[in-house]
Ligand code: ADP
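Shown next as structure tokens: one chain only, the form predicted on its own.
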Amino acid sequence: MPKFKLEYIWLDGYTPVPNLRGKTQIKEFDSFPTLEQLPNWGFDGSSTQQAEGRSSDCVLKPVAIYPDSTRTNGAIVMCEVMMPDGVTPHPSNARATILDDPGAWFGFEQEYFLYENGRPLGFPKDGYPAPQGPYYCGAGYSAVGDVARQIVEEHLDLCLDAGINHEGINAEVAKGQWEFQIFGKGSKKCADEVWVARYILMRLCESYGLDVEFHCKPIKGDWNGSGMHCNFSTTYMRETGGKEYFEALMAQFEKNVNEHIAVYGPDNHLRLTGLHETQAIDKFSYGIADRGASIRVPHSFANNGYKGYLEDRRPNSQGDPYQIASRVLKTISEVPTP
């Protein structure tokens, strides 16, 4: 039987932003394994801030598997961290807090910077490039360079090979800033794929001697920060909806502003200033096609009897999509449906 290289990846216990960790297990299978065939595995939680040295065992529970085209017989295995009994979720396991709703759909728009020697890729060694303006969806060496586009195209291909449901990519507003979008049906699927796509991007950039900077405002001044806009819907929102329900939903989101901001990524006060297409962090608003609002309401939503999806523009690029999805669904669950 062929030997498969299974890269088990998981989130560590660092706060406020967990890091991706990974290690490889070799197993024999007749063909590419299914999720059900994958065994649980363990790791030293004392090295990842998830356990003490005197009792350091943690368990990795596979939750999704993706082909890895960079390796012969390779696979990337997304895992949840469990307690030693293999049943109880570890306190750091945010995925386990997401309501299991197959009718919940999410789309995350992941922005990021490519970094070289501590500066965004394409920035001069001293000072700054020309002000933002020509970079968004730009073309040409002066706008996007050459290595950057090569990386994002290669990343896209690797993710598509893995079966990750990318919806698109584009150069973003600031020099060296890019974005990819992922959509998934089910309350956890999109968040799984965002984490795996992040892992693939970080691993790819190793070979270029570059880092991926997910911080929401790595460059001070008149430069756009990086967000991870969260597009969401439920079966009720798509099929029933209505203005009354929408307004009740927005009232609940406003009531839970602090709870949302708490899990929408660190240092968000640097990004949510009311400038650069953001609402201020201490305010809540919504508006049709309003990119300066907390919640952007698509024209298609309003024109369709307030049915469809909504976009929460507050989550930032460094946020944990598991925590974000969990909080969004919790707030939705607090709104009664007729």
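Residue numbers run from 1 along the displayed sequence. Just so it is clear, the structure is predicted and the values come from calculations on it, not from any experiment.
Just so you know, the form predicted in complex with the named molecule exists too; it's not on screen, but the next bit is about it.
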Considering non-hydrogen atoms and a 4.5 Å limit, does the named molecule approach Trp105 in the predicted complex? yes
When the contact criterion is heavy atoms within 4.5 Å, does Tyr115 count as touching the named molecule in the predicted complex? no
Non-hydrogen atom contact Trp195 with the named molecule in the predicted complex at 4.5 angstroms: no
Would Glu259 count as a contact of the named molecule in the predicted complex, using a 4.5 angstroms cut-off between non-hydrogen atoms? no
If the cut-off is 4.5 angstroms on heavy atoms, which of these, Trp41, Phe29, Phe284, Tyr309, is the one near the named molecule in the predicted complex? Tyr309
Please tell me which of His215, Arg149, Arg203, Arg238 lies within 4.5 Å of the named molecule in the predicted complex, judged by heavy atoms. Arg238
Looking at the named molecule in the predicted complex, is some heavy atom of each of Glu179, Arg291 and Arg296 within 4.5 Å of it? yes
For the chain shown here without its partner, which stretch in 215-223, 93-101, 76-84, 228-236 has non-hydrogen atoms within 4.5 angstroms of the named molecule in the predicted complex? 228-236
